[in-house]
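A lone chain, given as structure tokens: the form predicted on its own.
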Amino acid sequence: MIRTEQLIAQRGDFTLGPVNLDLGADSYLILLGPSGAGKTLLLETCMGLIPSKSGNVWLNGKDVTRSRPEQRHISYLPQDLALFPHLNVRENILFGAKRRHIDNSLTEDRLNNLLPLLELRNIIEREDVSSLSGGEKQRVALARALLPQPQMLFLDEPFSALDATIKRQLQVKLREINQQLGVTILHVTHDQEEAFMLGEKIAVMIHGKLCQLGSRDDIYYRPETLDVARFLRNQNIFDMTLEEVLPGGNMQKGNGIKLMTPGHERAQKGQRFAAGIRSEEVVIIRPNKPLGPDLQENLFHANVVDILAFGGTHILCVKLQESEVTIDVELPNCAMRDLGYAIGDDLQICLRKRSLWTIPLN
């Protein structure tokens, strides 16, 4: 549906790209990254709002690099929604369709299909859009974007100004829209929870570069660069040196510990790696419990040095007795209540080989 080839764009001193992206029809791609990464610039360049410095943009098999935005048959939902205060709700929704000279009867049919999907029946006749709640305004803006039946829907941080409850309702609604209407969506966000909830695939952008593109699990559990790992809040990262290549994986040494990690293609003895594991993947070994096959390596004794409480989870900060390494262990509240750990307690943990990721450093 949309493809970019070696796309480079410039805004002031900031350079985006080169970006190579290929998104199929009916897909839902999340463009995830920190503020200032270039996400909006990529969106605007794909839409034709910003001219590219070099490279090409293809939409539905057609090169649209030099086409004006109105020639691309796309829709855009900006962060500020851009509802027109002098128009009522119905007029706001119909605005784009009228600009594109879509037949009135066809427009009404499409509107009637959208009203139940976006739950707009109760507000469609509202005269003053300023009287709408934040969630209602969002649904009106979505209806306006969807009514012309665009080839692509571009979303730029669409839920950043909404409270958590309304945000979750609209996130679920977007999934319904993608599935029921079959519209291809490119969605920009810095919200990681939103990204992993909505995206079939996720592209991580940092410093103007597309650092990794893959499935939810690929991005979450197998980061390909340290920038991606750190952005995704991987706290347990170790600087290791490959000591031995074994049939079942690689033995690595560093920070006063040894780790058996998954094998890595073309890994060589003496090569440096970053190895890491997400805090929720660290396993606490219960005393006197038999260990399964995947819990018999990378076992460490540790002491609880701090406990951090969050909404639904706790983080145990534990220091390994074998070294100065400190590891974060994330537990849901129910597990924390059952285990009852306190600062100073001893425990044993396992850094499961299959849960570890590795990134070559040289």
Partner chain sequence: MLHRDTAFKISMLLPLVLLIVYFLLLISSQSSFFSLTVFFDQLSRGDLRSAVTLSLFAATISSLLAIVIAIPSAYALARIHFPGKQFIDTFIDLPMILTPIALGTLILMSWNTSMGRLLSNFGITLPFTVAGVVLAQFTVIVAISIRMLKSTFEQINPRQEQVARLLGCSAFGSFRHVTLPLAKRGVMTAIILTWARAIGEFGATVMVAGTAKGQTATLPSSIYLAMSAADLPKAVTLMVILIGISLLVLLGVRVVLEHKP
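Numbering follows the first chain given and starts at 1. Values in this document were obtained by computation on a predicted structure and should not be read as measured data.
What comes next is about the form predicted together with the partner chain, which is not displayed.
- At a distance threshold of 4.5 angstroms between non-hydrogen atoms, L83 is in contact with the partner chain in the model of the complex.
- None of the heavy atoms of E125 is located within 4.5 Å of the partner chain in the model of the complex.
- Not displayed here, the partner chain is kept clear of M336 by more than 4.5 Å at the level of heavy atoms in the model of the complex.
- The closest non-hydrogen atom of I74 lies within 4.5 Å of the partner chain in the model of the complex.
- With the partner left out here, the partner chain still marks one of 184-192, 251-259, 88-96, 209-217 in the model of the complex; by a 4.5 Å heavy atom cut-off that stretch is 88-96.
- For the marked spot (M47, R68 and P78), a heavy atom within 4.5 Å of the partner chain in the model of the complex is present in each of the three residues.
- Think of it this way: in the model of the complex, the partner chain has a heavy atom of just one of R144, K137, K167, R278 within 4.5 Å, and the residue is R144.
- Interface residue among K173, R222, H264, R100, judged by heavy atoms within 4.5 Å of the partner chain in the model of the complex: R100.
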